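Here's a solo chain for you in structure tokens, the form predicted alone.
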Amino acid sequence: MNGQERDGRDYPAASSKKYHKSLNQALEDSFLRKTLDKFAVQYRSSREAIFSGLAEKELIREVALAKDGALSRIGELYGEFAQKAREKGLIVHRAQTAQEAREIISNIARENGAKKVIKSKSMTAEEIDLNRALEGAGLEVVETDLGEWIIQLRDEPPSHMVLPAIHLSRFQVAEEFAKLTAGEPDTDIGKLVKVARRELRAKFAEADLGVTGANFAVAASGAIGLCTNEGNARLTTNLPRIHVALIGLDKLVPTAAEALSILRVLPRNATAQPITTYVSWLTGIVDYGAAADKGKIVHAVFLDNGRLDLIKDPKCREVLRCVRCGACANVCPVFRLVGGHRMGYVYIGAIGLILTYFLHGREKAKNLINNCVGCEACKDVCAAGIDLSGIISEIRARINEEDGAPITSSLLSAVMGNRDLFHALLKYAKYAQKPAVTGSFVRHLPEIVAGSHGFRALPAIANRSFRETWPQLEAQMAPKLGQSKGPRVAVMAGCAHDFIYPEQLVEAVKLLLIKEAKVSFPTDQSCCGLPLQALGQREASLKTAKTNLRAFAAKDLDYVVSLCPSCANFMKNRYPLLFAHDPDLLEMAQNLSARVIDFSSLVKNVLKFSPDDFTPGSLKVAYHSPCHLGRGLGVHQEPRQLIALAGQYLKTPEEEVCCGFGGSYSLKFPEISAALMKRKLESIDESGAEVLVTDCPGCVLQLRGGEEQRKRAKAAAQAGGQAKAKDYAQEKSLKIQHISEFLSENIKKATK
């Protein structure tokens, strides 16, 4: 909206081609990969430990309520803060745009004869590109946060909101310090810190003006709150005669009580600390002995830059709850691979993808916003309970509406939005693929896409879809169906199970019948709509969702089961949001939502399968938790418990980390998808597991396809590059199954 171009700094997401080139460069950076891997693992365990014993979700709800309440009164709170602060000697400004804020701060420096400026870390200052404006006005500007100072020396933007130099090694830092001091590089961390301390002390002493951000602006008292882990912020506010606090309007809170609620979550989420090393509250002005008139000058500059417009946006206003903890980047599997310079413009991670659109415009956001795998890890840990993944989908839809959708998305939308056409084309593809199919896989991809998408083998479309199989299956089981006394369960097939892996649904139905469930399959159902939503095809997604509302509208159903957690999550948690504007459809969506259940929960909690039902196999079985099962539906224990009933469950590291499929994401960003898949398979290799079980057909497609491709590569290497189907068919490999296949395989024959 009001943000300006960051002159002189390369922006790799400016074009799709340039962005993919930048992503590949990041993937080849072994130091970055190792550093972010280590950080991601440590952060997850540290965060879990620091929230242990606390009602985490309740604390996050408190933050959300506090922020929502403040946003609804933002004008009133600004007026109250300004009055209280002015009474205590502060000078309060309000800037509508980034340009206005830069001009206000530049004028403050000029009017007071300031020449040297020190700054503590402020993402709001990064947002308006303050440093370049002050330097353009002839001022010397020095960052005093250690990480910010290092990247300032390199003329780089931060790669993380809390850890701005996380992408750099001590060797790179040593080289920068050697340039500064004209000495030899010394990589000892203690000595590097001493160099920074020595160089920055003089800057603190000489500065005329100090600039900070703010974590809180308390309306009731006119106080400014700062949370930091270095002493530089206190020196920045106290040593120079002039202090300027640049504050986003979204940092206003009514009282200290709301600020303290946020403070209970912010440091835990940001750095896994119970509280930051320094929490400073600045209220009013104090005597300043170094000035002739003993007067300290304090300015508070409040920045709008699109925030007030965003408050009026009912679908996205909760973005302004953000407390800038950076956790959405910490858990993001894409950030973990490529770092923050490829996962944001100014702000980083999921919140960065979103704020780029609202604060810096559509052109900056349109490539970035697609680089989200949709795993919902960001939403799961957000300190303010922001529906980050949902808002990312909303922005994709808006960009399509504003710019026009890509032709591929529009074609897919037209096909999937027409159930009859979609099914007819799949039937045609089933016959067209035959020359290229070996076993259950497509033998080779067309040359034009093989390079980027050849990281996994693709499954063949099934000879018979589940909907084609159902009449025969229903006829065979009619006696059992007629005598069933258990719950009435309708099967939601989903595209993958209906047309690629119908055997997984067949095994599931057999398991349901063992416990006398009364199973039905509404044949007029369609795609759940999630793939279309992910592509930003709002209307087509709504159309398919309406089809399913009608298909599953029967009043006598107890459950609607899906063997795909993505479908189940979308139907259960998103359908009511999609139809919030239509009372009749909303009631249907809520009724359907209440009955949707994932397969593992149905089998374990409703049908009550027990150890007596299984003959456990002897193979060690690992588990991969689909993103939308754990984080979307909140189901964690049931599939693991079922595996333990039917086999030798082997707990492995990072079970809930994304495998990289993400539906169409793996087509748009094959380089990222391939890297995530590779890490997942290597993790299973290291565990010694012989079988990998998951609940999601998309994860099966990704991981089974990746394992098949590994097997082919190994066979080709052994055969000097001339391997044939029979060669790689003989290679031993990891067995990958949907949980329905695994359970059915290990069910007692007597039970069958």
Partner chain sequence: MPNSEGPPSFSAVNEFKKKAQAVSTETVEVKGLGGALDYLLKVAKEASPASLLPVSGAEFPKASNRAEPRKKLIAAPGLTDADFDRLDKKASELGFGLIRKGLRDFVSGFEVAFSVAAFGVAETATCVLENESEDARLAGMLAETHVVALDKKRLFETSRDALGLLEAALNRPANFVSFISGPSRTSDIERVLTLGVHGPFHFHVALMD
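Note that the structure is a prediction, hence the values are computed from the model and not measured. Residue numbers count along the first chain shown, from 1.
Although it is not shown, the form predicted together with the partner chain is what the next lines describe.
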The partner chain: the contacting residue among S440, S610, N605, T277 in the model of the complex [heavy atom, 4.5 Å]
T277
Identify, from the list E507, E376, D304, D145, the residue with a heavy atom within 4.5 Å of the partner chain in the model of the complex.
D145
Look at the candidate spot formed by E474, M492 and E539 and say whether the partner chain comes within 4.5 Å of a heavy atom in all three of them in the model of the complex.
no
Of 556-564, 522-530, 396-404, 196-204, which is the one stretch near the partner chain in the model of the complex, taking non-hydrogen atoms within 4.5 angstroms as near?
196-204
Closest heavy atom of P479 to the partner chain in the model of the complex, within 4.5 Å or not?
no
Within 4.5 Å, heavy atoms only: does E62 come near the partner chain in the model of the complex?
yes
Check K678 for me: does it contact the partner chain in the model of the complex (non-hydrogen atoms, 4.5 angstroms)?
no
Residue contact check: G361 to the partner chain in the model of the complex, 4.5 Å heavy atom
no
Any residue of 211-248 that, in the model of the complex, places a heavy atom within 4.5 Å of the partner chain
A220, S221, A223, N229, E230, G231, N232, R234, L235, T237, N238, L239
